[in-house]
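Okay, so here's just one chain, in structure tokens, the form predicted alone.
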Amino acid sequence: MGRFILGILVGVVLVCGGAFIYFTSGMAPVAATAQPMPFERLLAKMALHNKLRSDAPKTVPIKPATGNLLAGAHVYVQDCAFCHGTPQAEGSVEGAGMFPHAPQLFTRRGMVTDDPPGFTFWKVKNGIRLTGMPSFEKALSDQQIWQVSMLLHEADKLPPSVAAALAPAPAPVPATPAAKPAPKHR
């Protein structure tokens, strides 16, 4: 029995030592363009889903009224569309360059309408470690986070006024440089 326990201890030390060498030697893929480590996506998704099930709010303190959806659209365009896109435009190249890529929340694949609004609230408020998704806890009020969460929950059935509010602002037209005055001849 003693040899068996010794064998397990040696195995654990070897695995831990191998992991330590792997991470401290620079062999671990840390670039956003690198392939994920074995089980990285599975473990990260599992941890996030379990955290959401235990910590996300279960009740929503606001209704999906047009006023709340419009307020959520304003916050979304200001703070979220850069990475996550709008119904009319995809997100930025920077959002696509993240690992994992920032989901395009108004596409069928990225839509979170099936998620409980509390899940989206938790993600926006707390951020998601190692994904590029920041915490907005200090930037937005809980009311604003709920409005964005409700907007995304209702994304597949928005009133026309709210859908129009999600249109990105037109890009500014670059000013033409003023013509320099001709030099005066003396």
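Heads up: residue numbers just count along the shown sequence, starting at 1. What we label the rigid core is the largest C-alpha set whose atoms superpose within 1.5 Å from one form to the other. These figures come from a predicted structure and were not determined experimentally.
One more form of this protein should be noted, the form predicted in complex with ligand HEC, which is absent from this view; the next part is about it.
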property: Per-stretch contact check against ligand HEC in the model of the complex, the hit in 121-129, 61-69, 23-31, 155-163 (non-hydrogen atom, 4.5 angstroms); result: 121-129
property: 4.5 Å heavy atom contact, His74 to ligand HEC in the model of the complex; result: no
property: Non-hydrogen atom contact Met98 with ligand HEC in the model of the complex at 4.5 angstroms; result: yes
property: 4.5 angstroms heavy atom contact with ligand HEC in the model of the complex for Ala56; result: no
property: Ligand HEC contact at Pro103 in the model of the complex, heavy atom, 4.5 Å; result: yes
property: Sequence-ordered list of residues in 129-160 near ligand HEC in the model of the complex, where near means a heavy atom within 4.5 Å; result: Thr131, Gly132, Met133, Pro134, Phe136, Leu140, Val148, Leu152
property: Exceeds or equals 2 Å, Cα of Gln88 between the shown form and the other one, core fit; result: no
